[in-house]
Structure formats: C-alpha cells, structure tokens
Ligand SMILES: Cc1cc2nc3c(=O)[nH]c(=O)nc-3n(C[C@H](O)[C@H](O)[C@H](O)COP(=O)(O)O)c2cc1C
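As structure tokens, one chain now follows by itself in the form predicted alone.
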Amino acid sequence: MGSTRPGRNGEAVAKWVYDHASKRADASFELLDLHDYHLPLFDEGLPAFRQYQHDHTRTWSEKIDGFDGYVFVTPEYNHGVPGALKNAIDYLYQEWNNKAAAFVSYGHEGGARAVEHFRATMVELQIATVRGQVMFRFETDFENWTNFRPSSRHEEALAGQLDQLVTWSRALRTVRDQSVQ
C-alpha cells in the first residue's frame, strides 16, 4: 500500500488486489502497508551499500529483500507517487535489484501519471516493470469518490498483469542467483 494518509482509498484497493492474487496457485502474496513501517524522512547515508544505521531501515530491508516481485498499489498525488512511497523506495537499493514490479493505481485519471513517474524510478533500481497496469478512476470505480466499487472488467486485467509479474519474477530469480556467485 503506497499511501499512509488517513482515510486513504488505497486500503480497499490493495485488499481487492490481494484477495484476487492470493487465489493463485503459482505464487504466494503478502500485503504490506507502509503505515506499519514508520519510516521517517530518509535518514540513511549509504543505502546503495546496505550500510544501515537504523533499526527501521534494517527491518524494511529484510522484508523487501525476501520478495521476488512487487505489486505497488499507489494513488496519484499531484501527477506523481505519494511522498511516503517514494521515501520508502529510496531507503533501499540492492534489495530491489533484478526483481519485477507491477502497478495498480487509482485517481482522477486512474493514477496513470503516477505510474509513469514511478516507472522511471524503477529503471534506476534495476526493477523490470511489466506492461500491464490496472487503473481505477474515482469517477467510475468509487462510489461517492470514497467507497471502492470496481468494475468486474478489472479482474481480467489484474489476472493478466499477475501472469506477467510471476513470469518475470521467476526469470529474474536466475539473474539474481548468477549475480550472487
């Protein structure tokens, strides 16, 4: 979940994604909430070298390092990703390398501009992003702009996106294994 703000719509969206993803037999999924990690404004000196000074960073590093891929659920704030999400991403470097990512976004334009912005960050972190994207619009997928009521058409898009994510995550595991040797 990429937003930590009170009253966020992302919790319902992330749970929808998780409920559908957890039915799959080809991968296991876990729902992470940035709110639970209490990451202050970036306060590490050498993240690229995994030289962490703070327990909150070590906890975050251990959690992120254990995954082969990610589904980022993000709102669009001012044409970009929320500051809390960008901050959390910036805490780490090697933990993200040679993994895959998918995006589920929401906002006035479906969060498309946030994901566009986010993809550039992923390139720098050596994360392969899948083409598929699931986008929810406030005008059509939320009742009264707050109650998440997604159209059933999004289920097929999510399934295709998760297919891509699982395939790329598995392929990149080989790259990670070779780089460790």
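All residue numbers are counted from 1 along the displayed sequence. A quick note: this is a predicted structure, and the numbers were derived from the prediction, not measured.
Not pictured, yet referred to below: the form predicted together with the ligand.
Residue contact with the ligand in the predicted complex: R176 places no heavy atom within 4.5 Å of it. For the chain shown alone, F29 is not a contact residue for the ligand in the predicted complex, no non-hydrogen atom being within 4.5 angstroms. Taking non-hydrogen atoms only, S169 never approaches the ligand to within 4.5 angstroms in the predicted complex.
In the predicted complex, the ligand lies farther than 4.5 Å from every heavy atom of Y93. None of Y52, W60, F138, Y70 but one reaches within 4.5 angstroms of the ligand in the predicted complex through a heavy atom, and that residue is F138. Annotated contact segment (heavy atom within 4.5 Å of the ligand in the predicted complex): 109 to 117, selected among 109 to 117, 29 to 37, 43 to 51, 126 to 134. Contacts between 64 to 98 and the ligand, taken as any heavy atom within 4.5 Å in the predicted complex, involve P75, E76, Y77, N78, H79.
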